[in-house]
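Consider the single chain below, provided in structure tokens and representing the form predicted on its own.
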Amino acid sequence: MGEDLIEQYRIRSEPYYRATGNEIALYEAAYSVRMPLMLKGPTGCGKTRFVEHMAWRLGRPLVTVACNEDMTASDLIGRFLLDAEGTRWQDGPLTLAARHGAICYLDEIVEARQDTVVVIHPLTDTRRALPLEKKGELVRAHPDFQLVISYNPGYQSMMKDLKPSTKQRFGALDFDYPEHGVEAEIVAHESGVSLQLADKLVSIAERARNLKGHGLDEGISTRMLVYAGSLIVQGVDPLAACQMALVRPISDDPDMRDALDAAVATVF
């Protein structure tokens, strides 16, 4: 039953990923020794796609959890449920991955409460075990299990950051937006626009990223550029597509919107 359940998390076809350095080789080396990994970088720069690509490359199921401040330890580990036959235990995503040798990816882990995060500690040292206190069971991690977490350092603060005791359990890979030519290739591939048009979209993003910390909390991500390109492929006017997919989502300030709209108009 468990094996059938974990199979739904297996990635059947290769997710497109354009390497920008030696991150694939480093991940493979880390996985060979089952080192827990932390992926650090801005929103929409390719962290999740990278994990998906590596899970496919390594032939492992990928169990992804989008962390949030309301997530409890039971949401990760599991809980007892009532049904027609009485009480039964249901594994949470972390337990499921640990039992069956999947990669468990905790996306934006700093969004979770600290008392929730600490439950991963026994899986990230030599113990490689997960205590299920409510069930009275100690789950020994499958030899193929690996834990991967991600977060955006740009949003970290004294109130919302990982404790050193958590950080030091992981190896870390830094991610950022690709250099101009590579990012244009990615946008063209993912959205279907021409490379020439993708190049213009990346130029807009680079201008917006220069405003980070000067009126913008976060710049235009690669993901947003793909959205804009996808709209253009559907016949939407490039100016309207950029306003909808690039400008309006990242700012409500009228002056900032005007400045970004002007940047879009200059490029197109």
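Computed from a predicted structure; not experimentally measured. A residue's number is simply how far along the shown sequence it sits, counting from 1.
The same protein also has a form predicted in complex with another copy of the chain, omitted here; what follows describes it.
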Report yes if any heavy atom of residue 192 sits within 4.5 Å of a heavy atom of another copy of the chain in the model of the complex; otherwise report no. no
Heavy atom of residue 164 within 4.5 Å of another copy of the chain in the model of the complex: yes
Can any non-hydrogen atom of residue 64 be found within 4.5 angstroms of another copy of the chain in the model of the complex? yes
Using heavy atoms and a 4.5 Å limit, would one call residue 182 a contact residue for another copy of the chain in the model of the complex? no
Honest question, do 178, 204 and 209 all end up within 4.5 Å of another copy of the chain in the model of the complex by heavy atom distance? no
Taking only heavy atoms into account, state which residues of 112-129 are within 4.5 Å of another copy of the chain in the model of the complex, ordered by sequence. 113, 114, 115, 118, 121, 124, 125, 126, 127
